[in-house]
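Before any questions on binding or motion, here is one chain by itself as structure tokens, the form predicted on its own.
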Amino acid sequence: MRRPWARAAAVQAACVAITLFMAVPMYLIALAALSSRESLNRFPLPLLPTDLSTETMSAFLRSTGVVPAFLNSLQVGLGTLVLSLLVGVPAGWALARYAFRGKEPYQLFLLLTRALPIVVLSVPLAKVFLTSGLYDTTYAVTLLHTALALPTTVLITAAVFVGVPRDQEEAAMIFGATPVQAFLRVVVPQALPGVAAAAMFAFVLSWNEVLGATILTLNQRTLPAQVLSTLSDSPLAYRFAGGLALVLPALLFIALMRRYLLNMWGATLR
């Protein structure tokens, strides 16, 4: 009787440790970003919100280039999400439904596309987009982020489509549905949790990616690239405000998509 109890206690302790490891830095960043500049210079710094102020965030949002960079990040993130799902969901379905020669090496090849770091690809990428006329545009960053997110999108959706019974899809076609209609009306609704997980990964990857966006843009930078380019010359308050501005949209998007994940993992996440 002691072993199951000890195992459950160890799992709960690990969950609490991981949650604190992720939540404490976010809390400290939010506390600093929502505090006055005088409170940031105090020693020791208070760990409770005793002097809340919007001064730091207001100064950050009024900084040159921050609002356009935020809009660029939003455009690139949503574009990456849409493109990766448009290409990755049908590819994942084909990977789950059809057996073909070289299927296993193909799945491994998808993962190998993430083997090379962006630093190694920086010069070829810049040259390609300069030649095509897409350099310093949000379209270039969207295409790059889609290429980064697509392998994981394909593999996540393929794993979910394997769990959808093929019989239901065949039954829909027997009753007159076309293969596309059976896919959209029968398969996709049952695979929504996996599609939501893939969408979450694509958006968060695009929102947080900084190196590729810095290489491919000069005037149309995303928010992480804009913050990185001005970080060395910025005061401490600007850095905390930038960190909060980068974290909040990703957290809000994850909170919106969480209900679809609950359908896949059940009530254990509640």
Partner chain sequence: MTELADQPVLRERPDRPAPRRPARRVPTPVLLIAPSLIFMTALFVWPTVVAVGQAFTGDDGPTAAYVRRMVDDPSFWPAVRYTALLIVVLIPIQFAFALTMALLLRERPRFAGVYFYLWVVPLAISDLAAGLVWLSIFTDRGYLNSVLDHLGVAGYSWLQFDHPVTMFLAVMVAELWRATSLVLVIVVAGLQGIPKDYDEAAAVFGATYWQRLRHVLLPQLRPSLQVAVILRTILALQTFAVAQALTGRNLPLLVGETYRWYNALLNPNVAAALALVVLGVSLLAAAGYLRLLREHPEARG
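No experiment lies behind these values; they were computed from the predicted model shown. Positions refer to the first chain, counted from 1. Each form is matched to the other, and the largest set of C-alpha atoms that superpose within 1.5 Å is called the rigid core.
If you look for the form predicted in complex with the partner chain, you will not find it shown, but the lines that follow are about it.
Screening V87, A159, L192, L74 for any heavy atom within 4.5 Å of the partner chain in the predicted bound form leaves a single hit, V87. Looking at L144, you'd find a heavy atom of it within 4.5 angstroms of the partner chain in the predicted bound form. Heavy atoms of S63 never reach within 4.5 Å of the partner chain in the predicted bound form, leaving it off the interface.
Heavy atoms of R37 never reach within 4.5 Å of the partner chain in the predicted bound form, leaving it off the interface. Interface residue remark: L31 is counted as part of the site for the partner chain in the predicted bound form, having a heavy atom within 4.5 Å. Taking a 4.5 Å heavy atom cutoff to the partner chain in the predicted bound form, the contacting residues in 89-107 are P90, A91, W93, A94, L95, A96, R97, Y98, A99, F100, R101, G102, K103, Y106. The rigid-core alignment places the CA of W93 less than 2 Å apart between this form and the one not shown. Once both forms are fitted on their rigid core, the CA atom of A182 lies 2 Å or more apart between this form and the one not shown.
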